[in-house]
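Single chain ahead, by itself, as structure tokens, in the form predicted on its own.
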């Protein structure tokens, strides 16, 4: 990877892109509100008690300034996918790979329809991050990333990208079945992101401390497991129990969807809750609790 672009330079994009840049990768960030601050002060990542400083960051106001890249990392919210139709063309050369870090279902299909399936890859980020100031990212917990090809087995480029992330100090691995990994991540995102808004601002620790919310989270996970299995994704019950257990280490963490909702920004309702519900129902799964959360989120985010 001679040249990398990051589109969507929020907490996720700045964390992974910043860690790659810190280890010498040629990373270019498309930035809007943080542009001048990052040009002046670079990026700061607070992680594990350390304050990592990336002083010289290649931050740009447009993708035309960046030009063709070998890899484009897309960490834009799924609600902003239509903007990619104008943002991506200046970045795409003959062999450019598109790696989406977005949440939910349908993002790879969006990219395939417009730029061809051969370019498209996906990644699942299991990480707790918040942007606390312009150019400042706080890393609370987790941090692993699973990277895979869309509807294809892993290739040489897959392993090369994973190795680049590993070299940057990130727990990275190859996802041989990308869609299965998407459903594994939905197992956490659907209950914890959803209940954080439905319960009017409940943090992860709030959900776990409330017996009713904790039980509801686990029942939502059961519905996701049923849907995933009917769609051919073998995810064990133990993985749901593990997600509940590991969430206890996050403390009063605010999921990203909750932050978007609190700030009046668009929430990825269709990608995270709507599309999984539609696919699960079409496969014959009973998803009454998920539908309830989905309908509530449609109403709450519309306000």
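Every value quoted in this text rests on a predicted model; they were computed, and no experiment measured them. Positions refer to the first chain, counted from 1.
Here the subject shifts to the form predicted together with a further copy of the same chain, a form of this protein not shown in this document.
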Proximity of residue 229 to a further copy of the same chain in the model of the complex, heavy atoms at 4.5 Å: no
Non-hydrogen atom contact residue 288 with a further copy of the same chain in the model of the complex at 4.5 angstroms: yes
Residue contact check: residue 169 to a further copy of the same chain in the model of the complex, 4.5 Å heavy atom: no
Residue 261: touches a further copy of the same chain in the model of the complex, heavy atom cutoff 4.5 angstroms: yes
Residue among 83, 174, 199, 112 with a heavy atom within 4.5 Å of a further copy of the same chain in the model of the complex: 199
Candidate from 210, 222, 141, 163 lying within 4.5 Å of a further copy of the same chain in the model of the complex - any heavy atom: 210
Stretch from 149 to 157, 189 to 197, 176 to 184, 90 to 98 whose residues place a heavy atom within 4.5 Å of a further copy of the same chain in the model of the complex: 189 to 197
206, 215 and 293 all contacting a further copy of the same chain in the model of the complex, non-hydrogen atom within 4.5 Å: yes
